[in-house]
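Take a look at this one chain, the form predicted on its own, written out in structure tokens.
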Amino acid sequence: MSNISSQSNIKSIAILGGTGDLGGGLARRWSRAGYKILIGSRTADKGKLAAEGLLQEFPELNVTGHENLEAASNADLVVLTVPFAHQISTLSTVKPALKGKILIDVTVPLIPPKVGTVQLPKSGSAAQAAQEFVGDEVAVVSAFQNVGAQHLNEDHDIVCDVLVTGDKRVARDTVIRLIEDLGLKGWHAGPLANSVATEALTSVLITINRHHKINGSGIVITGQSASN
């Protein structure tokens, strides 16, 4: 994974599954922060339609729509925002384009109808399954499992922190900088094995949302002094 360190200067981001709520919200915020966004979908037409929707709202943005492999091939960094059921099948179509890149995996192993119950895969976590599948020449970083998609799609400050796990410190550093560009606070949360906890937390938050009638609960890390 020797080329990963050169990926600290990210200018373009491919968002696979960018036609969905979470992927669309990330596309919306990163494009407005000045990044070139390539929205990927299973078909180029769906990707282009999503891009056109953003451009109608913000004509000055640098956003284009593509089929997933084309998007991944032409971006500096790739973000996977598809449902758990389509995680590995999507990765199988773009795997050649991921070599030497950072892959941000936001997948949560939610299994309907009991999405409020933690149901982790045999691999430990979805992110660990992704890393095993794509191999060591790709730096998988797990993030964004605990941010409500609706907040990313609205124009307001988001009171929610982002836990970032991954086995390469340089990759986590890069992702945390991208998170800060979204107006959020990112935290180093350890190796990819710790994504077991961050993915499981999503089901806990879903239960909190339902029980307390909250629209997109999140987490905030406390204890850091202002000087830190």
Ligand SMILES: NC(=O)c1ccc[n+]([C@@H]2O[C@H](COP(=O)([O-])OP(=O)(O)OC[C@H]3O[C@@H](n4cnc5c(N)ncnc54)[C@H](OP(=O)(O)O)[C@@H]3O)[C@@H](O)[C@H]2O)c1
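Residue indices: 1-based, along the sequence shown. Source: prediction; values computed, not measured.
The same protein also exists as the form predicted together with the named molecule; that form is not shown, yet it is the one meant from here on.
Partner contact region in the predicted complex: 100-108, out of 71-79, 113-121, 100-108, 129-137, criterion any non-hydrogen atom within 4.5 Å of the named molecule.
In the predicted complex, Val94 stays away from the named molecule, with no heavy atom inside 4.5 Å. Heavy atoms of Lys46 reach within 4.5 Å of the named molecule in the predicted complex, making it an interface residue.
When the named molecule is considered in the predicted complex, Arg42 lines it closely, a heavy atom lying within 4.5 Å. For the chain shown alone, Gln145 is a contact residue for the named molecule in the predicted complex, at least one non-hydrogen atom being within 4.5 angstroms. Contacts of stretch 9-35 with the named molecule in the predicted complex, defined by any heavy atom lying within 4.5 Å, are made by Gly17, Thr19, Gly20, Asp21, Leu22, Gly23, listed in sequence order.
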